[in-house]
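Heads up, the chain below is alone and in the form predicted alone; it's given as structure tokens.
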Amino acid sequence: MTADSMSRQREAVREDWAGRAKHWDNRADQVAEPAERMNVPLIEAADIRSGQTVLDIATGAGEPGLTVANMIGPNGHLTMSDMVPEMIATAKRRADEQGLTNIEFVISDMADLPSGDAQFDRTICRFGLMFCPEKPKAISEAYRVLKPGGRAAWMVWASKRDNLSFDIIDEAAKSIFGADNPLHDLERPFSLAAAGSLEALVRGAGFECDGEQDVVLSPKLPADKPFWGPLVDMAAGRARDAASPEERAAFDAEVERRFGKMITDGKYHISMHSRICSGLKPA
């Protein structure tokens, strides 16, 4: 792949997330509780403790970084990094609202981190690596900025079929907005869905690694409180915004119809499947 092609891919990712940012800003607080289900195993895999220096890569709207900032306390320091200024603005707003003062905010590509070598005790990245066009370089950058003996952890989605909510949203969007709509891409988030693909990248960068950890969640949520509004907004909001009123109404109806099939005994039965891989930088 040429440098120009890589640059175009990076810019496409940046533009996509800049377009999504308003939806994430609107919905970030609403999804804080379900996000916690994902935060816990990632933070445990990274072995984050009070007083550490931590880099949260592709921090997005602020999680799991805000949770980490509370964990490491005033003697710790968190750097929240993202390539999209609009996402950093949301993370900063939420940090300010929580009164957190142990955070630095940095706008940067994960494949070209501005930090010096051996700066952090821990690095984490939740659902960000899948979007990077230069995944091996991004893993190597995390290795570079870690102190010897430091640990990094990544979380990525398993297959779309194993994450039923995303599959429903994707199929509904394709049926109304078209399969090739440039404002809707739910393929890239699953670019590391194959078992072993994340581990191979981590080992390839020089980390000592114990393999991948599957995280499978099956929550059951009340049918009278549709949980999927924020997910739809965050995943398909760009395409919905650009559609005609008739298309938006058709999409909303199709989403509701498809999610309705998940209801059994008065509850939505959800499936969520992700993978974590953590690596130790040799001392």
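Nothing here was measured: the structure is a model prediction, and the numbers come from that model. Note that residue numbering begins at 1 and tracks the sequence as displayed.
Same protein, other form: the form predicted in complex with a small molecule, not shown, and the subject of what follows.
Note on contacts: among 177, 131, 120, 143, the single residue with a heavy atom within 4.5 Å of the small molecule in the predicted complex is 131. Contact annotation: of the candidates 78, 83, 152, 139, the single residue with a non-hydrogen atom within 4.5 angstroms of the small molecule in the predicted complex is 83. Figure note: of the listed segments 96 to 104, 201 to 209, 167 to 175, 109 to 117, the one touching the small molecule in the predicted complex, with heavy atoms no more than 4.5 Å away, is 109 to 117.
By the 4.5 Å heavy atom rule, the three marked residues 17, 63 and 87 all count as contacting the small molecule in the predicted complex. Mapping the unseen interface onto this chain, residue 190 falls outside it, with no heavy atom inside 4.5 Å of the small molecule in the predicted complex. In the predicted complex, the small molecule sits beyond 4.5 Å of every heavy atom of residue 236. The small molecule in the predicted complex is not approached by residue 270, whose heavy atoms all lie more than 4.5 angstroms from it.
In the predicted complex, at least one heavy atom of residue 13 sits within 4.5 Å of the small molecule.
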